[in-house]
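Presented below, as structure tokens, is a lone chain in the form predicted alone.
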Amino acid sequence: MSNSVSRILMFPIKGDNRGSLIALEAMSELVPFEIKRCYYIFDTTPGTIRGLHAHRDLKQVLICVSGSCTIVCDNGKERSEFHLDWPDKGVLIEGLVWREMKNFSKGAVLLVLASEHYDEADYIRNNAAFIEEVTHG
């Protein structure tokens, strides 16, 4: 889909000799939507792949605020992998994109900012159905 986007984001670090801080604001270049839901994934069992679904309308920014993980994004035409290993880096996912989260390090915490409240009807949980929807609408 032409409106499906997955791209890396770099967040500006502010700070001084006391430490660092990153501030994210909704409706900005880095979070181009109103944040309606926020959640985080942690204590992931080694070898587990999370996600394994797509969203029709939901937009997300994913940030590994501690540890590291890999985000795999597939828009039906190309598959991209993003390694998140520092809290100044995130992935923006917009449009119909299959997503997988894997390779969680011990102690990893993946923060997700979402544009909508939870809605099961927005999910596509079967990859074949995702490919069908991407290919034929």
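Numbers follow the displayed sequence, beginning with 1. All of these numbers come straight from a predicted model, not from anything done at the bench.
One more form of this protein exists, namely the form predicted together with ligand T46; it is left out here, but the text below deals with it.
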Practice task
Using a 4.5 Å heavy atom cut-off, state whether K89 contacts ligand T46 in the model of the complex.
Solution key: no
Handout entry: Touches ligand T46 in the model of the complex: G95 (any heavy atom, 4.5 Å)
Key = no
Exercise for the section: Although ligand T46 is absent from this view, report whether K14 comes within 4.5 Å of it in the model of the complex, heavy atoms only. Expected result: no
Exercise for the section: Please run the contact check for H53 against ligand T46 in the model of the complex: heavy atoms, 4.5 angstroms, yes or no? Expected result: yes
Problem - Complete contact of R37, Y118 and R125 with ligand T46 in the model of the complex (any heavy atom, 4.5 Å) - result: yes
Practice task
Just give me the single entry in C69, I41, V72, V31 that has a non-hydrogen atom within 4.5 angstroms of ligand T46 in the model of the complex.
Solution key: I41
Practice task
Heavy atoms within 4.5 Å of ligand T46 in the model of the complex is the criterion; list the residues of 53 to 78 that meet it.
Solution key: H53, H55, L58, Q60, L62
